[in-house]
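Given as structure tokens, the chain that follows is alone and in the form predicted alone.
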Amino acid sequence: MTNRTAIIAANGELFDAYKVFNIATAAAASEHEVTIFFTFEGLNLIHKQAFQQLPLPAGKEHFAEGFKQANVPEIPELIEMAQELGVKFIACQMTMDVMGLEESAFVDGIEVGGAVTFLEFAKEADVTLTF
């Protein structure tokens, strides 16, 4: 029996990225089939330029040093780990159309799809999370 974890990433700051990719990689490492639907600001988490400079929430800038001291992997490394573990990334077609973004702006290996594409996976998910 396969466990499924469905994640909606709708926010685009650094804390959001760590939440999304930490849960996704942990679930995938626990033999869950994992799909992440990136929509609205969540697209920043897989955008080739945006994920290099994700902002910390105001007043939380001191966490940057904490991440370094704790040897927490940086976002590009977490993306790579997630993809190596088989986590599926779906970029929201509607948001891309609204923002005028092309698939080439995102990390390799993503799927572009709408909410229906994600819902087909999520309807049989054991765990569904939104960040």
Partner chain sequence: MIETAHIVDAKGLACPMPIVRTRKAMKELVPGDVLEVLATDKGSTADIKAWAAGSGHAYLGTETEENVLHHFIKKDSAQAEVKKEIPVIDLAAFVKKMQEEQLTIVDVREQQEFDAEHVPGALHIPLNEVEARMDELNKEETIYLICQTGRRSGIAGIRLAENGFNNVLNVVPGMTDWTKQTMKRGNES
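This structure is a prediction, so every number in the text was calculated from the model and none was measured. Residue numbers count along the first chain shown, from 1.
Below, we turn to the form predicted in complex with the partner chain, even though it does not appear here.
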Answer range among 36-44, 56-64, 78-86, 91-99 for contact with the partner chain, defined in the model of the complex as heavy atoms within 4.5 Å: 78-86
Contact label in the model of the complex: residue 71 to the partner chain, heavy atom within 4.5 Å: yes
Contact label in the model of the complex: residue 31 to the partner chain, heavy atom within 4.5 Å: yes
Residue 22: touches the partner chain in the model of the complex, heavy atom cutoff 4.5 angstroms: yes
The partner chain in the model of the complex - contacting residues of 89-112, heavy atom within 4.5 Å: none
